[in-house]
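Next up: just one chain, as structure tokens, the form predicted alone.
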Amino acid sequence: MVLRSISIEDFRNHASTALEFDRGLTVVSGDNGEGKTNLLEAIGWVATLASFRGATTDTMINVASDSAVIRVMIEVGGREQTIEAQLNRRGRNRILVNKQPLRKTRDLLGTIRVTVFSPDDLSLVKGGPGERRRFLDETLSSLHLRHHADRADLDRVLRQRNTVLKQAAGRRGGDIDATLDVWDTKMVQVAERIATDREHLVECLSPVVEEVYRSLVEDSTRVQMNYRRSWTGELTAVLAEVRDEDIKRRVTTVGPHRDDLEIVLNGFASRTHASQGEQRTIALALRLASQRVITTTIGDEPIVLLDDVFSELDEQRTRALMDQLPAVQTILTTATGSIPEGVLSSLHYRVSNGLVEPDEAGRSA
């Protein structure tokens, strides 16, 4: 799969932008705040139906508009395919594939796959459990399309269950318990699948992360990953045990939404004991390992999106990252305008206040 072109309208600070790509490296340069990341965010949204920055739909639409449009042309198996997504401030988003409307937007998932490298990836290691769960779920959605549906089902069940807990107002009763029994049954069904899928993914990722990390730092550092459930035993029984606490706190206290991915570096928790340089290297290893596992499983390389990552890396880590990146279509943004020595860019654009123009002078050999 190759991304051939993109055009966006009223997406953040891009009033009207159109770019073409080829199979090699495309560099997009510009000062901070000019719209480089916004462009990658638009590509990422079409691939995942979500912002890799965690932004809501409303914030991605230009303040002067009620909707934003992203159009891409991709090549799959030698055939061209067009995708048009309209993000609406009010009402449901609308997606057309080859000018035909999709009944469900999630049917788009799997059409485009991307791996995003961002300075914010430090939060995968340094941040809270939610960041690591999102990383696992994004990878699983690229591997198994049903995982996205499972996550949506879990979110729906949690909203309903938490609503009942709030309505209970700290008291138990026949209607409250009967209703919670129903939502507990629904939650268990999807929660076990999600937790099991995440556990299997961590088993696949763990040795690859360690291998990649060692390649990046060129030593024999030990990296271990463990998926930590927020419960032990049968979830049905656990939910019954914690029901009084859930009613008291008015929130569901156990389930996949409370699980965590533990990353251990040389026997110590990387979140609290690793240096920032080590944490950044772990984050790079996580992204590279995810790319490899998806490629091995699906048989197709995701597009690589590099969002100004070199500004946060020293020369050694920059060289190591470029050595580890697969020979696949890559779109790279940079604030400095420079790319690592010896790396050839096929196309080079410059962004200024949401306006994109070709920049032949920026190409490097």
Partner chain sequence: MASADCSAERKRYVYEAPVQDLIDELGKMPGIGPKSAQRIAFHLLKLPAQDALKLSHAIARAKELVRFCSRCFNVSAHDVCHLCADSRRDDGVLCVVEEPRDVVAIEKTQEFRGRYHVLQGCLNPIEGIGPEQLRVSELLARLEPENVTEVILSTNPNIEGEATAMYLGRLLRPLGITVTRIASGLPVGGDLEYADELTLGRALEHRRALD
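Residue numbers count along the first chain shown, from 1. Note that the structure is predicted; figures quoted are calculated from it, not measured.
Not pictured, yet referred to below: the form predicted in complex with the partner chain.
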{"property": "Stretch from 146-154, 74-82, 116-124, 131-139 whose residues place a heavy atom within 4.5 Å of the partner chain in the model of the complex", "result": "146-154"}
{"property": "Proximity of Q279 to the partner chain in the model of the complex, heavy atoms at 4.5 Å", "result": "no"}
{"property": "4.5 Å heavy atom contact, D181 and the partner chain in the model of the complex", "result": "yes"}
{"property": "Proximity of D107 to the partner chain in the model of the complex, heavy atoms at 4.5 Å", "result": "yes"}
{"property": "The partner chain contact at D175 in the model of the complex, heavy atom, 4.5 Å", "result": "yes"}
{"property": "The unique member of R159, K99, R92, R222 whose heavy atoms fall within 4.5 Å of the partner chain in the model of the complex", "result": "R159"}
{"property": "Selected contact from N88, Q189, S230, S206, since only one has a non-hydrogen atom within 4.5 angstroms of the partner chain in the model of the complex", "result": "Q189"}
